[in-house]
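The chain that follows stands alone, in the form predicted on its own, written as structure tokens.
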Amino acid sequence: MKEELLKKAFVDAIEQYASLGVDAVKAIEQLDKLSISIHCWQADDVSGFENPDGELTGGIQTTGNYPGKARTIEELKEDLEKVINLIPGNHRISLHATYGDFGGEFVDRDLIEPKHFQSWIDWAKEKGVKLDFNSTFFSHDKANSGYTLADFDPEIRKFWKEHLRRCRLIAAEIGRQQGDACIHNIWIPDGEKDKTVSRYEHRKLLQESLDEVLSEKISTEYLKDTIECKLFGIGSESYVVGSHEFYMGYAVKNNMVLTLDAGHFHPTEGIADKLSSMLLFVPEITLHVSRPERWDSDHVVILNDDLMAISQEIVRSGHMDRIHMGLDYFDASINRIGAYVVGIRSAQKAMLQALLEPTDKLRDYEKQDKRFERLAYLEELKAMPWTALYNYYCLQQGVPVGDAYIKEIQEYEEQITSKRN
């Protein structure tokens, strides 16, 4: 697409939004400040490097066998660099604890140290990105009972508490070295497939385990712990210890960051409406944006109504600075780099549309009980030329405009990923 045509469309779009009282240039500036935490596990199907040939367990499942999966840290970094070069803005990379640089040796979860992630820290500094971190409580022999921090066996709990301690120290060291707090996400798969009698007992153990580890204070200048809830999962269809109610209560009581994953609730339940409530009671919120299809299937994020609702609530709340957007999906059935770029760009496009809303005008209509006018404008906004703004933003950032990224990904596949066995 020619630059002069892009610029003309951009100028026309600015004028159209100005007629609604919207400063489109300011909206783009706000979008540019949105730093999405990009999950490292899309490129290698959540395999990690602790035991790349190990079996995924604990409710984690990938489907498909598309060629080109990243097999080493070097290949994963190469893929992430390609992704970063195809999207506008400055973003973060979210690591799981199993993605350490273990030098080809097996290092168990209760023995990992900051040194195992130093190569990631150095790489991130070189590429100008920040890192986030996740404890890894799944795909391990000591999680085969279905429980980790909530297991009845004190030795099992001891192992996982030590893992959590070490993850916090690793995340804090990441935060210290990058000069920006590392968000450390805590999600455990604990639960059962069928009817469970000891629900209270397991939740009491989880509370005690978290209390013990999180009582070890680390400056929020380096580390922000966040806890992630879930309704159900593969193998825990009947009962999940870390439910929304459990973690909502725990986060409020302990003034902690809460993680809401778009796929962790009932298929008819969205997380958008939860934001305005939780912002009243917790200091910050982390989002794991995914696309559930009938179940928590972590499909590639697309520009759909659910994503738009989440983005609108983030902007309308007036607290974008308290909400951290991260992505959490993995699709092994299509080109993995393509999955990355489609999902990230979709998240940006949804946020841009939300930022272009004349929210003050719509609120005035609500106060005046002019609900027809509110509805009419919400519908008119759907046809506004936001794509012209996003395309010009990409042009200014020096990344592919429109569908041009598709060809670049195809070339990367031909030259790089197709040669991986």
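Numbers for residues come from their place in the sequence shown, where the first is 1. Source: prediction; values computed, not measured.
In what follows, reference is made to the form predicted together with a small molecule, a form of this protein that is not presented.
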*Select from the listed residues H288, R157, R109, K130 the one whose heavy atoms reach within 4.5 Å of the small molecule in the predicted bound form.*
H288
*Y250, W187, Y147, Y239 - the one with a heavy atom within 4.5 Å of the small molecule in the predicted bound form*: W187
*Spell it out for me: taking the small molecule in the predicted bound form, does every residue among H91, D180 and K224 have a heavy atom no farther than 4.5 Å from it?*
no
*Any of the heavy atoms of F102 lying within 4.5 Å of the small molecule in the predicted bound form?*
no
*Tell me, yes or no, whether A354 is in contact with the small molecule in the predicted bound form, where a contact means a heavy atom of each within 4.5 Å.*
no
*Considering only heavy atoms, tell me if F138 and the small molecule come within 4.5 Å of each other in the predicted bound form.*
yes
*According to a 4.5 angstroms non-hydrogen atom cut-off, is R166 in contact with the small molecule in the predicted bound form?*
no
*Using a 4.5 Å heavy atom cut-off, indicate which stretch of 224-232, 171-179, 272-280, 201-209 touches the small molecule in the predicted bound form.*
224-232
